[in-house]
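Only one chain is included here, represented as structure tokens and corresponding to the form predicted on its own.
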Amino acid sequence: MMLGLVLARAGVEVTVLEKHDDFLRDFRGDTVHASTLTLLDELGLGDRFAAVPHQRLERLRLPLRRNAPLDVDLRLLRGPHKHIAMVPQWDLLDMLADVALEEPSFSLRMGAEVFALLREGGRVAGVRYGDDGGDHELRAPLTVACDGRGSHVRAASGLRVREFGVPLDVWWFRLPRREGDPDGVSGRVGGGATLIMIDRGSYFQLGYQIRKGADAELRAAGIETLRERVAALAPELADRVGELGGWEDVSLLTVRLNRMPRWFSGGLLCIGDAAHAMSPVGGVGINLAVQDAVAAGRVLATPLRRGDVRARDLARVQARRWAPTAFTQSLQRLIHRAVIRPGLEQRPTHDVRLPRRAVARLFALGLLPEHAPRFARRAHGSGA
């Protein structure tokens, strides 16, 4: 959606295909980091984002040390945004869609599921997709796969992806939050589990990390076992774990960490999780995807306007985003090895020693944050 908005503001004809009829999906990436907030300002969307209900997180408590969590104060950041915004992703997508539809060259088709790639002369020439009206073809000089870690477009392309082993999957669920409960983001480690508590105002979004592939085995033990484990890790929640009525209240995130050696082929580019699935560590996936989109919009606007997108243009997008992606994944793999895997195996964890200011910058800004290209900027509307 971000790429479509940026390119439409350059006058490029853009069609976004969304296979669902709406954007309502719970427990998807909801952490909008300071780098993305700055981008929204540059696009003139600060005031519109401020009107979307969200929580501001200024402090994080991360279980990166054995004896005490690492307290990260995002107020140490330089720049206009010294916090992370927690916003339901469907609200953010609705806002971006409304803004993009104000551009005459932007089109959004909901309920449109891509099932095949069109090819001509050895290159991708568009897609085949289905909706309530039947099957259709959509031809384009460039097709961009933004369809996530299980990308069907990437699979159809035949492009290779390198998988990195991960030790965890995550159960997502929610419990009521009450006055006096911890705020911000905090983590608890013990008994072979890690619990991440995200303050969402009236409730906690909870991430309970489990051994990779252990979902069926652990569910067989019954929901009461999960209630007991959550109460043991976070005693302040013991009086409300009964709100977990059954396993239907618990969503499984199958964690993947991978990266395509080559993000493109003739007429096709993969970005975001389609190009590099991220671990949930740090909640950085949505923000790296947005950074990819802005970089792609900057690099490809001119070639798309002239109708001649070449492999070297697509290679420039990957080259621009490779270092931040590889660096972030390397850091996530370090935390997997030093903290998460030992914790899940009930072995002593290792300290990950990083200065608080560096952690604040890495989490909230990332490495080499992108800025909106001049052609996509509008009058500044801050306030988020």
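Because the structure is predicted, anything quoted here is derived from the model rather than measured. Residue positions are given as counts along the sequence shown, with the first one as 1.
Here the subject shifts to the form predicted in complex with a small molecule, a form of this protein not shown in this document.
Remark: of stretches 246-254, 308-316, 223-231, 131-139, the one touching the small molecule in the model of the complex is 246-254 (heavy atom within 4.5 Å).
Proximity of G4, W90 and A156 to the small molecule in the model of the complex is absent: no residue of the three has a non-hydrogen atom within 4.5 angstroms. Taking a 4.5 Å heavy atom cutoff to the small molecule in the model of the complex, the contact residue among G267, G184, G283, G187 is G283. Between the options E113, E103, D73, D215, the residue in contact with the small molecule in the model of the complex by a heavy atom within 4.5 angstroms is E113. Contact check for Q291: no non-hydrogen atom falls within 4.5 Å of the small molecule in the model of the complex. Although the partner is absent from this view, M260 stays clear of the small molecule in the model of the complex, with no non-hydrogen atom inside 4.5 angstroms.
Shown alone here, F164 lies farther than 4.5 Å from the small molecule in the model of the complex, counting heavy atoms only.
Mapping the unseen interface onto this chain, M278 counts among the residues with a heavy atom inside 4.5 Å of the small molecule in the model of the complex.
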